[in-house]
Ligand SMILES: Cc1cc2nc3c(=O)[nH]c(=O)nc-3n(C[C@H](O)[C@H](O)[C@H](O)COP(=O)(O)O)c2cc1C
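Below, in C-alpha cells: the form predicted alone, a single chain.
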C-alpha cells in the first residue's frame, strides 16, 4: 500500500496537522498502528520549497519511506540531493517521535537494490510502555523555519557543541561560521548564488510554480510572504512578479541583511556525495533542528550556494571544510514566531 494524501478511518483529515494529540497514541495497538501514528510527527519535517517529497508504503509489519520523485525540483535540485536530504529529516522526526513514546526502531537504509527510491525500511523493534516525553514531542510541533532577522546574542561554544553532538559526526560534519571575515566571505558567496539563480528564467518559473498565495487551500509550497511578497501584490501578481521581473537584487539585499543579523552559520557537509550521504545528512539536520528548538535557537536556510555549481565549490573552500557542502543554516534568537507552513497528510 503506497500512502500519500489519503483518508484513514482513524485519522481526521480535516484536523490541523500541526496539532497532534499525544494521548491518541495507540498504546495497546499493533506495531504497524504505532508506526502509522509516528507519521503525524514525521510530516512536520522541513523540505526545500516545502515540497514534502516523501511517500510511505505500509506493509503488514513495517513501513517503507520512499522518495517521491514527482515532487522533485529539476532546476534547483537536478540530482534530487535536497529531495533526499528532506526525506532524511522526515526519517529523523519519525525516529525521534518513536523514541519519545518509548519505541525502539530497526531501520534499514536503502534496503532494495533494485529500487533506490526506497530510502528506508522501518520496523518496531521494542516498545517500553510509559509516559511519553512530551517536551521532545513539543519540539517537533513548535519547530518553524524562521526567516526573520535575529538579535545579536551569540551562539555560544557550548551551544555549538550541543548542536554538533545532536547532529552526529558520523552522519555529517558541521563547520561553524561566526567570525566576521568568514561571514563576509559567506555573504558574498550567497549573494553570487542569488544572482545566478535569479538570472535563470527556468529557476524563476520553478520557484513561481511553488509559490502559494495567502489563504490558499494548497497543502504544500512556499507562502508568498516568506519571500517578501505580501498584501495585494501577493494576491494579484506574486507568481508573475517572480517569473518576469528582476527580484534577484532585492533577494540578495534581503539575504545580506539576514546575514548581518545572524549570530552564527552552520554548514553541513559530508565526505562523499552519494544518496546515502544525503540521507544521513538529512537525519543529522532533523536532530540538529530539534536540539536548536529545545535550547531556544531559531534556524532558517540559505542553501542557494549549494544549488549553484560554482558557489558550491567556493563554499567547500570556506573554513577549511574540504568536503561536500550540503546545507547552509543560519541561527540566532528572536521573539518572532512565524505561522506554520501547510502540510500534506499521510495516513
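Numbering follows the first chain given and starts at 1. Here the structure is a predicted model, which means the values were calculated and not measured.
Quick note: we don't show the form predicted in complex with the ligand, though the next part is all about it.
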On the criterion of a non-hydrogen atom at 4.5 angstroms or closer, are 164, 266 and 294 all touching the ligand in the predicted complex? no
- request: Find out whether any non-hydrogen atom of residue 143 is located within 4.5 angstroms of the ligand in the predicted complex, and reply yes or no.
  value: yes
Exercise. Does the ligand come within 4.5 Å of any heavy atom of residue 205 in the predicted complex?
Worked result: no
Point to revise | residue 99, heavy atom within 4.5 angstroms of the ligand in the predicted complex | key: no
Query raised in the report: Does residue 86 reach the ligand in the predicted complex, with heavy atoms at most 4.5 Å apart?
Result: yes
Of the candidate stretches 60-68, 22-30, 308-316, 47-55, the one with residues having heavy atoms within 4.5 Å of the ligand in the predicted complex is 47-55
